[in-house]
Every structure is written in structure tokens, then in C-alpha cells.
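Quick setup: one chain, the form predicted alone, written in C-alpha cells, and binding and motion questions come after.
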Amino acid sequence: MSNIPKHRQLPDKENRLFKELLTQYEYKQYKKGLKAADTILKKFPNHGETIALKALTLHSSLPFPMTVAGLTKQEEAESLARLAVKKDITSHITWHVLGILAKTRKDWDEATRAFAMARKQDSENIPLMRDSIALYLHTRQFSQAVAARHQHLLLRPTLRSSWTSLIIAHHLNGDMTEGIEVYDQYLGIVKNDGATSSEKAQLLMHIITMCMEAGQWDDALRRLENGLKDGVLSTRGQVTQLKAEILMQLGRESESEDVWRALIEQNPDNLSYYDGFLRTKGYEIRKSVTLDSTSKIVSLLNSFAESYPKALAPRRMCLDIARGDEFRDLARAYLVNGLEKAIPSLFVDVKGLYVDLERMKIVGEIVEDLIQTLEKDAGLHDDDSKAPPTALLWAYYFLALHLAHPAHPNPSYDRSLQLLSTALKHTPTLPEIYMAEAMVRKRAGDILGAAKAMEEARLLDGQDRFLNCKAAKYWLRVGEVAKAEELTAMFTKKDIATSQDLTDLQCLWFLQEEGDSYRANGNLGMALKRYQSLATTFQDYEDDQYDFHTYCLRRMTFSAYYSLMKYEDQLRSHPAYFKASLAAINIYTRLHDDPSLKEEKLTAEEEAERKKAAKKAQKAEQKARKAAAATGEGKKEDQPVPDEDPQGSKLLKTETPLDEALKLWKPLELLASSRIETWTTGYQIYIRKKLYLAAFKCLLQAHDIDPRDPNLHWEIIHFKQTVSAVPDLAEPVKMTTDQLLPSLIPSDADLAAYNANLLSQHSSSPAHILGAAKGLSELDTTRPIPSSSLQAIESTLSRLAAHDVPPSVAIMSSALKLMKELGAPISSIDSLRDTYKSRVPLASVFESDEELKRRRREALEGEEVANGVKPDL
């Protein structure tokens, strides 16, 4: 007791209570623990370690999910933890508890500082060391994690986990050689470590991978062969694949070829095995293949197809390589096989070939020919055999999707719908046909008809969750949020709102689609709320990895853990985050340009509907309270924490919209730097913040990716016009732009000619036509824009309806939006809309608002009748 500071000492009775407090916390007996802590603090109110343990116990007893009463307890626990540090600043317990609470609320910086202070007080405390290491790994402080692991190994050298954890720490820190040396020392010191066979295999596989990353190929092969000889590793799957890769790197192609052949024999449908085998022959089919090598590769793949007649992989790979008549023969055989077997995913499998328009044309000709043959009731082979009755059905399905594919140079939506109608007469109960009709109508611009078709597919199987979600997604695209939530409510919890349950479930597609729907409806607050919820989901993904730093090492799943760490580092490169971020940034830039958007503008009808809904919700809440009171449940303190911004109004009324946009864009700068949209969007933020060098950097980065991008084109014009109009441009900015801007556009170039050149070079590209129109709007800086300029822009945009330009409903809609933003007369906008409507007659998006409302009302009433509900008239 003499080593304990005087202010920390307790009499025997209170000391026993303190030990009981520790035990009760470990056994989760929180009420008893709090009672013991209060007993000690009555006599010793300044005992810091007791205050800290009370804070930890109180925090551990908090409900999940958080309730209103829990918030008060959480604040009390936080204040007690800080008070404990003040009362006993030299105790590792007080600092450790403060770090644990900071870690729980995801404040990693404060947790790091607290754990560092705790380790200064007690550097050999094992639980504290483990928490610190996990935090170092989570915050990617790998060098500190290595140092802490070294110390842990010195304190616990007989534990297998001490050695393996140090190996992984070295690997994460990039010290492969050090990690391998630790493993060799571990084998020499710990003879009988008690590890299971699977754990030994996991560790050895990870060491082999480290040798490969370090370029120690001979060592990797030696360890792998010894593992196979000793029976630690299996001869199947990943082990054999690693052996083949190592042999390739060592230049032993013939041996590697034999190993790849063995792997193909194990699994003849694994595409990567064929890739590896062809690499031993000197062919990199995922990059580029010369005409001379095409026939040789096809011959090799055909030999595998003959050896493994049930395998589809070699036959499908041939289609990626072959050309001309050879491709036609191979594609016909592949399509016939798929149609005869009635494979619904055949089109999804084959459409990857459509990056090549020649192959796409050939596939269409083959299917047309097959349909003609099947309609004559003839066989698809040279013998007397007849095709199954379903072959014609799936041929109709395939050709309908082919004709409506976005890459098709001249899509025929009417023909697609005719084929699907014929298919429905053949089999009227097949959901895939209705889904295909919905997809065709969506691409033709008839989003309402698409939603109705998808709803018909859903009604064929009301218990199919996939069909339910697809129908909900299509209703969201129509703008019917209530209808979509009604459908998804069939598969969500009944005691909370559908949108809240799907947010808790981190349903990315729903958050994105509902955000898009709100944005299209003009409800920018709710749109921002959904986009920010999606962004928060990725933050939750990042925070949730914390538990795996100890779990994966304890379970000896080293390769999976290393893959997890690498995945988390690239987390926000996910397409869902990218799409939601761009959508939210678009709203924030609009808020900056037009602050009046922050004020909610409702029509009298919408205001009445909102009041009606609020009154209905209030009645429901009162009814629920009465029911809870009658059953003795639902006390006030048990209520969950209410949403502070249920309508997204706080997000909408932000005073710093560009700063909020920049927060979403920064991860894209690091993780999506290869996408040109990242830089064109970054330009929109920085130019509004008047950070001209940062905006100019975005243009340079975008130019490196695609110098002919249509959005980059008009942004270059905008930048040149903007910078030239700044009277007091800073000298460094002026010097940099004068020096580097000619790399984007010649200094003596006429902007009008520069813009016309884009249009002449890409006269049949819808995106470039729109880009040229935006360029015209930037050439004339007068606002409002003169009528002569508007006429020139309208003339350019009318080219979108030309027959030599592939129709794009999305770009046509953007063109109409541009005309509205420029203040064009309503007559001009209506004339342009009629022009587009004549080009894509199915597109409901070009109908008048009154017509759209009528059709939407009829569609919803029709669905209510179909579901057996009498509509309100």
C-alpha cells in the first residue's frame, strides 16, 4: 500500500468494495456496481478511480438504441469521466476510461490522446495496451502499432497471439521482411503452440503472400512446397493458384502451365484459371490481343471446351477474343445453347460484348435469324431435333432487350415492346417479361409506364422481395414516394417508419433512389437528408471495422483481415458514395447560387396535404400513448431519441453550402481521381469559392483524363471568361494561368470557333451537343441572356432530335432544364419539348404537367383496383 499515492488509498472496507465494483463491471452487473461506487463516494467523493469506474459502469448500462433518458445518463457518464481525470490525473484507470468513452462516441483523436496518457502512467498494463494497439490500427498509425506489439511480445512471449499479431503489424506497416523474420523466430522458439491445422494453414498462407509481396519468390515457393509436404496446406484451390503464380514469376512457364491445367480440371468454370494459363503462353487477354494471336487463343480455349463440355467459361471467353465469321459461329452456338436451356440471364451474360459495335450488330443478326427459324417451328441444329417451346420465348426476350440497349446506335423501343407483347401471349405469367417491359419503357422515357409494368411483375409473386424492391424503385423514379414506402413496408419492421428501418439497415439503393425522387419533386431538404444518410452509412462502415482489429487476429483469419484493411482504405470509392455525393454537391451548389431555395415553397394543395398528414400522425401518436398507458408500457423515459431534423430543413438552411459540398468531395479527390466527374464537380465548388488555382487544377486533372469531355469543354470556356473578368486577380494566379491555360485552350483561340469545333467533331454525340450548347451560354456573359444567343442555343439543342443522333431522354431533359435556367420563353421551351417528343414518342417526361398528373392518378387508381382496394374518388 505504500506504493499507492495517498490520495488514491482506500480503507480495507472501501478497498473491498472497489474490487467488487471491478468484478461487477466485468460480469455486467451494472446496478450493483453503481451502488458499490456510490457507497465509496459517500465517504471519499474525490476518489478519482472510483469516479472513473462509475462513469464506465454508467456508460455500459446505456440502452441501445439510445433513448431520451439514456441521453441524460450519457452526459452524466461523460462529465464523470472528465471529473475523474481532474481528481486523479496520474491514474492510468481515469485516462483509460476517458479513452474508452471517447472511442465509443467515435472521437478517435481524443481516444488516442487519452490512451497515450494512460500508458505513460502504466506502460505494462495489458488491457490498456490491447486497446491502444486496436486504436493505432484503426487510425492507421502502423509504426506505433508495431512498437506496441513489440512491447506486448516482450511481456507475453509465450502467447501465440503475441507473435502472430506482431507479424501482421509489420505487414500493415510495409515491413514484409521484418514480419517474415518474426515468423521464423516464432517457429524456432515456440515448438508446441497449440494451434489447429486450419490456424497453421492460415498463418503459413499469409507468410507466403508476404514473401510474394516482398519479391522473395524462391522463398515463397520453398515455404509453399514444405507446407504441402508437411500436410499443413491442401493441394486444392488458392494454394495451387499461388504456386502457379510463383512459378510464372520465376520463369518456369512449363511447370506453371501444368499447375494451371490442374486447377482448370478442379474447376473448369473459373475464368481466372484460364487467364493464368494463357499468360504462360504469353497472352494477356485482359489487355490487348493482336490479330495474329486471336486464332491461337481461340484454339486453346476450344480445346478446353471440348475437354469440359459442361463448362461455359471457355466458350464465353472465346467470344471476347474472336472476330468476324469466327465470332459469328461461336456466338451462334453459345446463344443457341443458352436459349435451349432457357437461361434468363443469357442477355446479361452477353451484353458485355456490346462495347464493340461490330459484335453487337452480329449478335442482333444472329438472334433475328434464330427467331425466324423458331417461328417456322424448325430446329436450331443441322439434325432433325426440335428446339424446346421456351426457346422462342427467351429469344423474344433477348432481342427486346438487345434493341433497347443504351449502346444500340439506333434503338427501336416500339419493336422491343411488340416482341415482349408477343412473349406475354406465349407465357403471360412470367415476371421477367414484365420486368423487361419496364426496362424498355424506362429507357424510352416512359417512367410511369415502366412503373406500371414493374408493378404487374410484382403482383405475379407478392412474396418475392426482389420484385417488391424493383417495383418500389420504379415508383420512386415516378416520384411516388408514399407508394414506394408502402411496398417496402411489406418486408420491414411494423413498429417504426419504413424509411427509418431501411436507413438502419443501411439500404443504399433505397437512400439513393428516394433522395433522387425528392430532388426531382423539388423537396431538396429531404433529398439532402437521404444523401447525407447514405454518406453517414459509409462512415459507419469505417467505424465498424474497429472490432475486427482484435476479432480477426483472435480467429486467425489473417488474409481476410488484411483484405478488410485494404478495402476500408478504398471505402469511399464505392459507386453508391460517388453517386450520392455528386447529387448532394449539386444541391449545395444550387443553394449557393440561389439562397431562396432554402425557403420552403408549397402550393395551397401541398400545404393542406401536409397539415392533414401532421394531424393524422398526431392522432396516431396519441392513440399509441393511450395504448401504452393502458398496458403499463411506453414510459416517457423509454422513448427513443427523436429525429432533430425530420424534414431535412436544417440541412437545407446551412449557411455554408460550399463547405458542406467540399466535405463530400474531398474523399472523391483521393479515391475517385480516375473519374472525370470528380474533377468537373470539384471545379464547380472551387470556382464558386473563388479559389481560382484549385479550380484550375481540377480542369488540368480532368483534361489529363479526357480532353474532349463535353462538361470539361464548357467549364474551360467558363474559367477563361471568369478569370478574364476578375479586375484584381492575384499575381500568382495570373502567372500560373497564363503559363498553363494554353495547354487546355490556345491563348489566341476564338472561343466561338473553339465551341463550334467541338460540335463539328462530335455532331452525333448527345452529350457533346449539350456541352456545346452550354458553351454557347458561357460565351455571352450578359444576363439575362439575349434572344439571339437563346435562339442559337435552341438551334443547337434541337439537334438532339436529329435522326443521325442516338436518342437520349436524359440529355434531352437536361437540355430543357438548361433552357429554363437561361430564362428562355415558354413558347421556345414548349417547341423544343414537342421536337423531342416527336423523336421519342413514348417519353412521358416530355408531356405537360397536367397530363403527367392525370396519368399518374390513373395509374395509382388502377393499382389500387388490382390490389382489391376501392379508390377514393
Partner chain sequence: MDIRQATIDDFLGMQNANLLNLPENYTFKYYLYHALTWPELSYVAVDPRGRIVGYILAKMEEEPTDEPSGHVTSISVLRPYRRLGLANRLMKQSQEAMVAHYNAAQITLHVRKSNRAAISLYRDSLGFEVHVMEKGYYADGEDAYGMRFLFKRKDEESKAST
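Positions refer to the first chain, counted from 1. Owing to the predicted nature of the structure, the values given are computational and were not obtained by experimental measurement.
The form predicted in complex with its partner chain exists for this protein as well; it is not shown, and the discussion that follows is about that form.
- For the candidate set W108, Y754, F491, W217, a heavy atom within 4.5 Å of its partner chain in the model of the complex is found for exactly one residue, namely F491.
- D461 is the sole member of E365, E225, D329, D461 with a non-hydrogen atom lying within 4.5 angstroms of its partner chain in the model of the complex.
- Picking from 144-152, 178-186, 792-800, 424-432 the stretch near its partner chain in the model of the complex, with a 4.5 Å limit on heavy atoms, gives 424-432.
- Relative to its partner chain in the model of the complex, residues N267, C507 and H574 are all within 4.5 Å by at least one heavy atom.
- In the model of the complex, its partner chain sits beyond 4.5 Å of every heavy atom of W163.
- Its partner chain in the model of the complex comes within 4.5 Å of no heavy atom belonging to D659.
- For V348, a non-hydrogen atom is located within 4.5 Å of its partner chain in the model of the complex, even though that partner is not displayed.
- Although the partner is absent here, C552 lies within 4.5 Å of its partner chain in the model of the complex, judged by heavy atoms.
- Looking at 545-561, the residues that come within 4.5 Å of its partner chain in the model of the complex, counting any heavy atom, are D547, F548, Y551, C552, R555, T557, A560, Y561.
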